[in-house]
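Shown next as structure tokens: one chain only, the form predicted alone.
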């Protein structure tokens, strides 16, 4: 007998919504999350912060909306296990997880991956220096402890980029400069997606308000490129060019803190290592698991929901979670949730997704972060490999990413390619002069997260049949 009807990996917006709907159908549900509390990155520490809502009002109304879902999740009766690291999914439908330093196997009738997204790596010259971190990391400081860095420079573009700068301003922090790498509305392909985006006028107006305030209250530079993060033992300044046309204006902003952002991508390492089929998404420039409209993947019994199946934002993630929870319940029990509720979730997901094509094109990653051209830029942070070293290995007759590992160890570190995979893939595709989607990604294998020998030893003692 399986340990649970449903095991959900991830307690962010999609994971919580899936658990609520599945639990309402009478299924036994376990949610595994590697953080100390539920909420995911979007609503990190939402329960704790809600007690201090007045003093942390700078987090904004969109953040506080997560409290109702978090309350419903706690009241649903679903079992939650925090600080649980899932490092393998085996077939038929069992997973290996480490909880409190002890590894164990758990089985289920269905597994739902709600692993969310993470920030796209930004391999710029100097991005490895102390004092440089992602915008998401900077936002985490605000959510976790109401702390930040005065006089930071923000480099990047996108909704999370503008939101976090606004939160920093609301929290009373000074911003030394904003270097916006966005291309703007000039592209015809971007303009063609604008009519569909008008389905979400409030979101568009919110973004315009953020941008207008940022321009009014910070040194703001548009159309930024040729970025260099300067420093020896610590970042000391950001050098860049800005403006339309050629030549661009050269600038340098001294700062000991730099926050980078070039969008977010689905966290697919676990789904790839579990044998799910993926495809290259041209607009979002990353890999997506292939799923049907309910989240069912290419492997029977495994579902993927929320941003883990494609970036669409927290609103779409909540709706997708409810839809996936309903699909799992129907598959396991035959129970169908009321059609009105199902259609409401579908319409909400459709409404939130309508904005995404416009955002994907408007805030496309800067070309120099996709295929860095500076030979001294660190590409693989785990192994300390520069662009020159990776490129030299490619020149030895490397056919694909997996062979490249044997030549220079790119992708063999603790992150298993999360920080270098897309960059190495783009560089190798460019080297062979083939479309990036024709360059297969790393062949990921479990464990997808680091596992200590002590954990494995305890695992063996607990289950002598393994």
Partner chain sequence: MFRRLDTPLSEITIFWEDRPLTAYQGELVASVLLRHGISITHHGPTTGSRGPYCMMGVCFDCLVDVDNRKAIQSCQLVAKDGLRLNRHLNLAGTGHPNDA
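Being a predicted model, the structure only gives us computed values, none of them experimental. Residue numbers count along the first chain shown, from 1.
What comes next is about the form predicted in complex with the partner chain, which does not appear here.
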Legend entry - One stretch from 211 to 219, 256 to 264, 311 to 319, 326 to 334 that, in the model of the complex, holds residues within 4.5 Å of the partner chain by heavy atom: 256 to 264
Legend entry - Residue contact check: residue 433 to the partner chain in the model of the complex, 4.5 Å heavy atom: no
Inset, instruction - Using the partner position in the model of the complex, report whether residue 145 sits within 4.5 Å of the partner chain, counting heavy atoms only. - result: yes
Legend entry - Exercise: residue 150 in contact with the partner chain in the model of the complex, heavy atom 4.5 Å: yes
Inset, instruction - Consider residue 403 of the chain shown here, and say whether it contacts the partner chain in the model of the complex, taking contact as heavy atoms within 4.5 Å. - result: no
Inset, instruction - Could you check which residue among 247, 186, 172, 195 gets a heavy atom within 4.5 Å of the partner chain in the model of the complex? - result: 172
Legend entry - Heavy atom within 4.5 Å of the partner chain in the model of the complex - residue from 302, 359, 89, 132: 132
Inset, instruction - Please state whether all three residues 3, 96 and 109 have a non-hydrogen atom within 4.5 angstroms of the partner chain in the model of the complex. - result: no
Legend entry - Heavy atom contacts to the partner chain in the model of the complex at 4.5 Å, residues of 218 to 240 in sequence order: 233, 234
